[in-house]
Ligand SMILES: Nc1ncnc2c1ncn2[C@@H]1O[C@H](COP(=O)(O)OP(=O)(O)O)[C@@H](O)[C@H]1O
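Presented as structure tokens, the chain that follows is alone, the form predicted on its own.
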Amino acid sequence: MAEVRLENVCKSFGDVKAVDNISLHVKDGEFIVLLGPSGCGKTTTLRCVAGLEHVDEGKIFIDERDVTNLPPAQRGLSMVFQSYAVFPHMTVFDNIAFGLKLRKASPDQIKERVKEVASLVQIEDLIDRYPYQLSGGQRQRVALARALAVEPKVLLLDEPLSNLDAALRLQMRAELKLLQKKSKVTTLYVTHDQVEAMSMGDRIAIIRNGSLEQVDTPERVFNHPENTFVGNFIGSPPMNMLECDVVEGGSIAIGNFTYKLPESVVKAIRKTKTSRVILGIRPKNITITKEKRKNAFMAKIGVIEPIGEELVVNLTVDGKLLRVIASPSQDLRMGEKVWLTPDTRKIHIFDKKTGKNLL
């Protein structure tokens, strides 16, 4: 197994900077997810690690060896693509054995290794079939088995589940995570799906416009986002962001209402000497009541979306959209005015100018 280290890696395509000074340390055996919106540079970063793209600046190390200028075949890694890229004219056995044959392994070694990885990904009864005889999930398993057969130091996965239907994607997420823990191979996984990232990654590297915004555990990026982008990007529905004025007495103004902040939060705001902040609060951390409560502000209910055991209630506060998760047992109606009480223990305060979390 191996560590992977990126040091100030940059990659441009013409005037577009796809990877902008990224430094990242992936520990031995770790499952790291590169997460971000389409076009943010996550796949380009992965391709730089693979050697499929030549970096303009910076260095890449695998197991303390500088591989920045080495071709892909000499980096000791395997890559699984979104399109699977299995060979249609070969049986499952031959697809899995392809890399081993290139390395001139003996027939007995090939047979034993193919059997081992086919069992690992649960396709041992399919080895005589051709790809056209397989489902999408089975073809994806073949691609994974082929990648693992050569015992790579590092496994790179570029949105490998995006072509699968929702039910199969859910199943494969759990299987992939279990497979990675069994094989203990250092893994970099690219996705734009935050649910995949949160459920699979040991840590998540969130990328925007080619730059790293935060690298942390799923729990940390959800509960302690470093800036408004991370807070907004992680979570469904996303974190509510309300622009507020800082007023005297340790409060912020939300429309015509003032919201009293905890003293620890007030101290953090005073250090920055800012007069305008963004209040961040997740939909599950707001209580809706029809009666006015202490330290609450008024909102008007718009669309109500039933999602099984919960309601997503869309409201407007001073003309701004806000979402709250409520119980179906609550008697809420469109157009009704209600009172919202955020959980003061779960609020986030972001600097309006920089977007950084002040807490």
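Predicted model only: the values in this text are computed from it and were never measured. A residue's number is simply how far along the shown sequence it sits, counting from 1.
What comes next is about the form predicted in complex with the ligand, which does not appear here.
query = Between the options 29, 58, 37, 328, which residue brings a heavy atom to within 4.5 Å of the ligand in the model of the complex?
reply = Spelling it out, the residue with a heavy atom inside the cut-off is 37.
request  = Find out whether any non-hydrogen atom of residue 51 is located within 4.5 angstroms of the ligand in the model of the complex, and reply yes or no.
outcome  = Answer no; every heavy atom of residue 51 is more than 4.5 Å from the ligand in the model of the complex.
ask   = For residue 18, is any heavy atom within 4.5 Å of the ligand in the model of the complex, or not?
value = Yes.
ask   = Taking heavy atoms only, is residue 43 within 4.5 angstroms of the ligand in the model of the complex?
value = Because a heavy atom of residue 43 falls inside 4.5 Å of the ligand in the model of the complex, the answer is yes.
query = Only one of 43 to 51, 315 to 323, 291 to 299, 59 to 67 gets a heavy atom within 4.5 Å of the ligand in the model of the complex; which is it?
reply = Residues of 43 to 51 come within 4.5 Å of the partner.
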